[in-house]
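Before any questions on how it binds or moves, here is one chain, the form predicted on its own, in structure tokens.
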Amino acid sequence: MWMHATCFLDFNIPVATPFLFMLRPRSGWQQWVGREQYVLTPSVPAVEFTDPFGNLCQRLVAPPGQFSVHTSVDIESADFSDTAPGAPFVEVQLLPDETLPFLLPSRYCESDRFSQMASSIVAGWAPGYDQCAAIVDYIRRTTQYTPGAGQEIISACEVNQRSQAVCRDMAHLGIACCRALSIPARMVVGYLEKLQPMDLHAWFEAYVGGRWYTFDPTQDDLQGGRVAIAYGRDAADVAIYTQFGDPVELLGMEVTVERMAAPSY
């Protein structure tokens, strides 16, 4: 299916401020970018580069005053994310090199502290996809998804001590538990069709059965088109914008995602 997604960010900039944005999805086997637009107001020079995880990053200096970023994309994505019950665990020595960073503890996913807990959660489940599904089910049963409740980024250990969390934090817990079982897991930030309330969304992917599969503790199923914008070890790697220097005020943010007819271009 085809979707049209937009993101609008509006800032009040007190002094010239360096920014790093991560707002451009890239084509891959799960999605195909048909057309996109990226508008900076006022227009300023920007340099794009690719980070170690393959994300498209834009680097610029925003001038003092009101500054806005408006992106839009027409993108083809699946109606339903792939599932693979029974997909086997991949032994570490057989993993592709690029998956290895996603086995290690990271700033917000302290997987070295979850070995015992993760083993308890997946007891009796076949190694691989079924273990990841058991972890997701555990998070859904023990943590209430509360959109908009978490302005401060918290780690998997902190999430595990609370009864409610936002999508980003629930993904941290899922990632930490998977890595504790030597299953590569990475965070994804992007768009999700029919998300309520509409916003950017976070979920995670785990590498089992020779490929990455989507897992989302906040949703009852994996129905609905997803658009991945950025991948990383945890939230520190996938911020849609990072600002350096004196704080700036985010005046507003608006995200829209809707289905569209297949384009004729």
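This one's a predicted model, so the numbers in the text were calculated from it and none came from an experiment. Numbers for residues come from their place in the sequence shown, where the first is 1.
The form predicted together with another copy of the chain exists for this protein as well; it is not shown, and the discussion that follows is about that form.
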The stretch from 92-100, 167-175, 79-87, 185-193 that lies within 4.5 Å of another copy of the chain in the predicted complex, judged by heavy atoms, is 92-100
Considering non-hydrogen atoms and a 4.5 Å limit, does another copy of the chain approach Pro127 in the predicted complex?
no
With the cut-off set at 4.5 Å between non-hydrogen atoms, does Arg226 touch another copy of the chain in the predicted complex? no
Quick one: is Arg140 in contact with another copy of the chain in the predicted complex, heavy atoms, 4.5 Å cut-off?
-> no
With the cut-off set at 4.5 Å between non-hydrogen atoms, does Glu36 touch another copy of the chain in the predicted complex? yes
None of Ala46, Met198, Ile240, Leu222 but one has a heavy atom within 4.5 Å of another copy of the chain in the predicted complex; the exception is Ala46
